[in-house]
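The chain that follows stands alone, in the form predicted alone, written as structure tokens.
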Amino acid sequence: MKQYLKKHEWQIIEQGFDPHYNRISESIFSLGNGRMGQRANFEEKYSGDTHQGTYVAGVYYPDKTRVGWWKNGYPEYFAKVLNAPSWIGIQIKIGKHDLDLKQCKVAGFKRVLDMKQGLLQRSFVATLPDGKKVKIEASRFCSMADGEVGAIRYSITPENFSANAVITLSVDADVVNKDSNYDEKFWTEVAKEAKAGLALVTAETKKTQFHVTTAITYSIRSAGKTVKGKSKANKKEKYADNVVTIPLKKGVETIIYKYAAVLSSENHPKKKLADNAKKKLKAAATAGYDQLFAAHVAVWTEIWKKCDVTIEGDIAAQQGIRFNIFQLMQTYTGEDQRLNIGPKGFTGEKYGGSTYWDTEAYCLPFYLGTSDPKVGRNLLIYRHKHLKRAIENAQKLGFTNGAALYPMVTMNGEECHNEWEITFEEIHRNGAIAFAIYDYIRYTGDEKYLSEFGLEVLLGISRFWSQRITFSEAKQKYVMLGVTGPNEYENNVNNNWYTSYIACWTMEYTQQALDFVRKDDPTKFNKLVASTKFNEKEETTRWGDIRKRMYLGEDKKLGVYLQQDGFLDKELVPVSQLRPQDRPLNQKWSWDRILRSCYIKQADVLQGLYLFDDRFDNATIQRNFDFYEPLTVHESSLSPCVHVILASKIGYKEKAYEMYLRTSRLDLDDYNNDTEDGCHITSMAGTWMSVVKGFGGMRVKDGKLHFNPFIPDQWKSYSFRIEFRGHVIKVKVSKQGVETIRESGEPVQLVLNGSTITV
């Protein structure tokens, strides 16, 4: 853990500059607006250790999969979000020296992320090698009011000198991904312009041929007046700038306003990109920094009205959940069905920036509770649009008859993960997508979704499970061979309990969906049966037989479900007995040693008990929790929140609070020593679930919201707001009791601690 950030309810504060933490801070202080985003890189030159990163939603590159031994069915490429052209550059040269925090003495450094307003601020005093002292104050934002606009306010105040400064304001498309093979670059130049007040570069991605136009303009003011200065425009390969020489006067602040327009061919015709970018840029500059910022803040004000979770009496806990909500909302706005949620959002490139099962298992509940139902619907429609590709993915592995295997990692519906044990074996992702359909309908009441989109997806997934399962003559049971469960510290196991359980559940739910659509919309039902060549009697009979005779490992003596065959053969040494220098295991141990150990990366059996907790009594959940949690190292960001929810349900208040701090401050405190690669965006939704489903005990049963809340001893109160079927309910829990307020909608019945009340 690294606890160098100050605690504050609405801000993330870094006081003093430690270059060793710079990459971590670049991740944590990242900005985004759903259309684009960037790591918190410095505007000025920095020759120290940094991970430069600017990203544009939907733009990716299909890098060639590289393996030692090609296997049939292996993905042809590994998709990666691309480090896109950078628009933030403001290089300062005074005399012979560049302003470079690597080369200067730095005092009074402060970096602040104002989450309430979506603003990144930085200030410091730098002493150049020749003794000149200059004070810098910088602020920037990616506009939430216009996802194609960004703005910077950068002020320079000389403290002990007067001299000319050379200011370079650039657009740089000559960028490289951190994970590129052999430093390969993925952009080619299409066009560029550079003239007074404008620098513009249009670049194209190799292979995928996305076009991105990045254009900048600027204004400079000092002592209340516009400063023109001596300027020139420059162009070179994949780069354009304006260089302005201006006088700096001792003690007088000079302010540079830089505006950017970033447009992609995903949203504009390629031939009109440059012209549209110029129009967008002109409008932004005409509005000015203050007006743009006011519109941006207004959007954040509305977001926080809907999404905020308040915690009284625990600043670390409050800061943690607001940071998680902030990153989620600037990553995904739900307005574009083509987009989804990458595990690093706009904060880094690890995992390729693609879509995982995290969206359905973790993110969907957050957006259901805090946003318009169309946002959750769009997340599901994203998968429906990719159903044809999911069927093709299954065909590559030998499945037939419309069986669908959704990819572990994707940008466009094709599987593009480059680790075979995950690509071929971590098939529980199919179950997460099926459960998301159920969860969405359970929450919204939108049963029509089954007729429109849901049933077709469920049918493809159930067909996959039906073919993937094997009948064991020895056991006289159906078994699930050669899988990897959520716990990725076990590969190629047989009968992973979670995978087998969710497979059976999916076939059960698909049968229910068939019955509903047949009755609700016979025309669509008959059309679907014909188009998918669905043999209802034959296929559903097999599903029923599988569910009836599925092998689900259980140890009767211990009273626990077996994570997989042979788990009890391991040496069961609790995590508490590991040496601190052995953690995290994935950075300290060999993979061979990890696979032979008993240690669990993330909730596995407990993942199933969380999703289906209404099917298991508390005693069963408690026995499994007591057995598996002490063996869990929580080295997946997805793990702690599940443990919060289950610990809350069975009354383990201290464990729930411990796990809450871990999930809410995972990146802020760098628990797993990997925040420098980017924040864990998708798991951040689990922090919201930890409060709402964990401490608040929120569930949906029979079309009603149920709450069974408790308050951690460390808190005075907490509150959250829920959107549910046209109602907006605020729940506040304190030492004195529970208060429910209906903020909008008609009177609604809730179930609080087992009793029905009308709000």
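All figures in this text were calculated on a predicted structure; none of them were measured in a lab. In case it trips you up, residue 1 is the first one in the sequence shown, and so on.
The same protein has a further form, the form predicted in complex with beta-D-glucopyranose, not shown here; the description that follows concerns it.
- beta-D-glucopyranose in the predicted complex is approached by D358, whose closest heavy atom lies within 4.5 angstroms of it.
- When beta-D-glucopyranose is considered in the predicted complex, Y443 lies well away from it, no heavy atom lying within 4.5 Å.
- In the predicted complex, beta-D-glucopyranose sits within 4.5 Å of a heavy atom belonging to S636.
- Using a 4.5 angstroms threshold between heavy atoms, T682 counts as touching beta-D-glucopyranose in the predicted complex.
- Residue M408 is the only one of V457, A403, M408, M329 with a heavy atom lying within 4.5 Å of beta-D-glucopyranose in the predicted complex.
- Out of the listed residues E349, D114, E488, D521, E488 is the one that sits within 4.5 Å of beta-D-glucopyranose in the predicted complex by at least one heavy atom.
- Contact with beta-D-glucopyranose in the predicted complex, defined as any heavy atom within 4.5 Å, is confined among 560 to 568, 384 to 392, 93 to 101, 598 to 606 to 598 to 606.
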